[in-house]
Ligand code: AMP
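Only one chain is included here, represented as structure tokens and corresponding to the form predicted on its own.
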Amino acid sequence: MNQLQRTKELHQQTSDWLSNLGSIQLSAIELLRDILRWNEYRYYVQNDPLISDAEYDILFKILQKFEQENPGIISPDSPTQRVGVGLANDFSKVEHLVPMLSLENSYNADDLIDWDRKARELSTLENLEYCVEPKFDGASISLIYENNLLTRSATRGDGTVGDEITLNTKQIKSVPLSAQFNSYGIEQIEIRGEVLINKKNFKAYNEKLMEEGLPPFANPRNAAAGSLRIKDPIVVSKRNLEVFLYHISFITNSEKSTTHKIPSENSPLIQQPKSHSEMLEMLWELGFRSPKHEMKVVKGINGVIKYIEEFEEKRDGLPYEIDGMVVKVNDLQLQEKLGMTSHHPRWAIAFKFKARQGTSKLLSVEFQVGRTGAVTPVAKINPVMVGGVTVSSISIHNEEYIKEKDLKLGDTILIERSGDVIPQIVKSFTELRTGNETNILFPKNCPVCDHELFKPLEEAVWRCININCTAQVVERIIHFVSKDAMDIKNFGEANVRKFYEIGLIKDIPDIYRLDFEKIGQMEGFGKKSIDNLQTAIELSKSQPLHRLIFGLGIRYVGETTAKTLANSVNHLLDFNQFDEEKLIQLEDVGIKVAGSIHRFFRDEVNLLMLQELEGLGISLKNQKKQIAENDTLAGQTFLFTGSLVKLKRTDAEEMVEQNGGKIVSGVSSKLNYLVVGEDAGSKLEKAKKIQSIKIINEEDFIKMLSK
């Protein structure tokens, strides 16, 4: 059965299950497991879900209930068996079936040409076929499947021995717990891959860490590697890890019970891949996320160099970090002929992209006070170009971070910047110290208001707890007017500081009492700029409730939690009636977050400020509309692709939801409308193949709303 037939069959069975929930029989549980596995594959591997999260949850809970009532029917590859209970023991050491060797590195075209020459000489061929694929910047792992079931996973370790992390790997939804290797005649197989955190999830996770006063990860690679070694698998499951599988290192043939390493000239496997690209295809067909769509097969080294140049140009647009490309001889038998050294295979080489690291000198440290009173040290360094950006200042987070990195004034330091991630100090070169370096002294009093600093026992951050500290007041106002909060355009950080200094604003409500006549007398403010600012302030009064909640700067409350809170009340001041126990029942609200929210809404000063804002015309009500039959877009699903001209993407999506529609994450048969902007990409091509999807432009979308 081909993929299309399988998709149609399982999608129909999914629909049947969802429409007949009341008549489910125990005998159909294996089919339910198949349906759940298939939907996990569509969501986590193909990024193309065909049912909603809520529908998946319904089916998952049914399976969970049946298995709880009938523990004898639980299978090791059941979707319910991903999440373990309690803490894992210390990680035991396990030996890889085949050593995980390093790759030889190259940094320019000349290196690749020289490597190609050696490979051609060893193979005695004039021209070689290569497979080129991304070099993922994550944490390497190996997976072992026996009789179709995932039985072991391990980190790379020293290449020969790694840490067993099977329970944690099962939390990665793109790793199948079972696969039909028997259809290829395979009894045991070892697969290599890379665990990643995509850029979006990495940014969100770092923001959460910083909200909690903890140092963020320097890069997604460190975050992925650290996540694999967490002892609580439930915590690992919340990290949104992904994995790409790109190599098969070992197989056992089930027909003759003989073992061999891939590749093998005498392999009796009927369907065994004969090339590396076919190997990636096989993994994809079996439900693994392989770089099938990112790889390219080319003839000759010039084609390799051209593809690498093309891929490097779009590096920053990828959803995940890569630090180069891997070039492999495509023919598996030829790989075996070329062999390997004790360090690396002769049939593969890594091409490393331009460095995103640099060295500099740590000149001084300034201490800045944020809106929550957190005192953050900022390193001032000799300007250095890193990843195309000149870096002269770097946050060094807190006192413990300084001690952990062993930083001193005058140190030579290594800087790293990955993609759009903020620069980080990787380490100091202690061996280059001359004896003239000095310790970084953390202040005991606030550098702005001179109030004594305080550090809670459970935190790493020193704080100024003077609520009237000038720095905190200004930072709170800057946060309130920012893009992700109340989004008051033309009211940026510079204007906030200027208005505060001359006494036009002293707190958040003053934003809505601005004296525009006085502003008109200031240099740089003409009639047009004042009109724009006044309009933006007026528009902010009707912002959705979650933006206001986020703008208030409640400690530990990020954008996601703000939306959860907004959807939990009809009026913001309803939270005055919530105790901590009730708050903890909300999604993603833990003890620490609940305590912070509870304190905020029990504070008389905060309540008076909210009442004052409401009196000034700011809506404290949850304006989210209930979907009704007469809503313009009721029951319709939308997806936007390309660049919109008249609307911001976030505004357009908000308009859909306000009019009863729903935004979906990918092109599928569940999509009703694809709204196409300029430079539309693969989503448009995919949508053209599904007849039920209506493809419209931005003008058409605006006309729909006007009706």
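Values in this document were obtained by computation on a predicted structure and should not be read as measured data. So that there is no doubt, residue numbering starts at 1 and follows the sequence shown.
FYI, the form predicted together with the named molecule isn't displayed, but the following is about it.
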Would you check, heavy atoms only and a 4.5 Å threshold, whether residue 102 touches the named molecule in the model of the complex?
yes
Taking heavy atoms and a 4.5 Å cut-off, does residue 352 contact the named molecule in the model of the complex?
yes
Quick check on residue 134: any heavy atom within 4.5 Å of the named molecule in the model of the complex?
yes
Residue 140 near the named molecule in the model of the complex, any heavy atom under 4.5 Å?
yes
Specify the contacting stretch among 126-134, 409-417, 484-492, 299-307, defined as having any heavy atom within 4.5 Å of the named molecule in the model of the complex.
126-134
479, 170, 328, 547 - the one with a heavy atom within 4.5 Å of the named molecule in the model of the complex:
328
Answer key, the named molecule contact in the model of the complex at 4.5 Å (heavy atoms) among 190, 194, 116, 475: the residue is 194
Contacts with the named molecule in the model of the complex, stretch 141-164 (heavy atom within 4.5 Å)
156
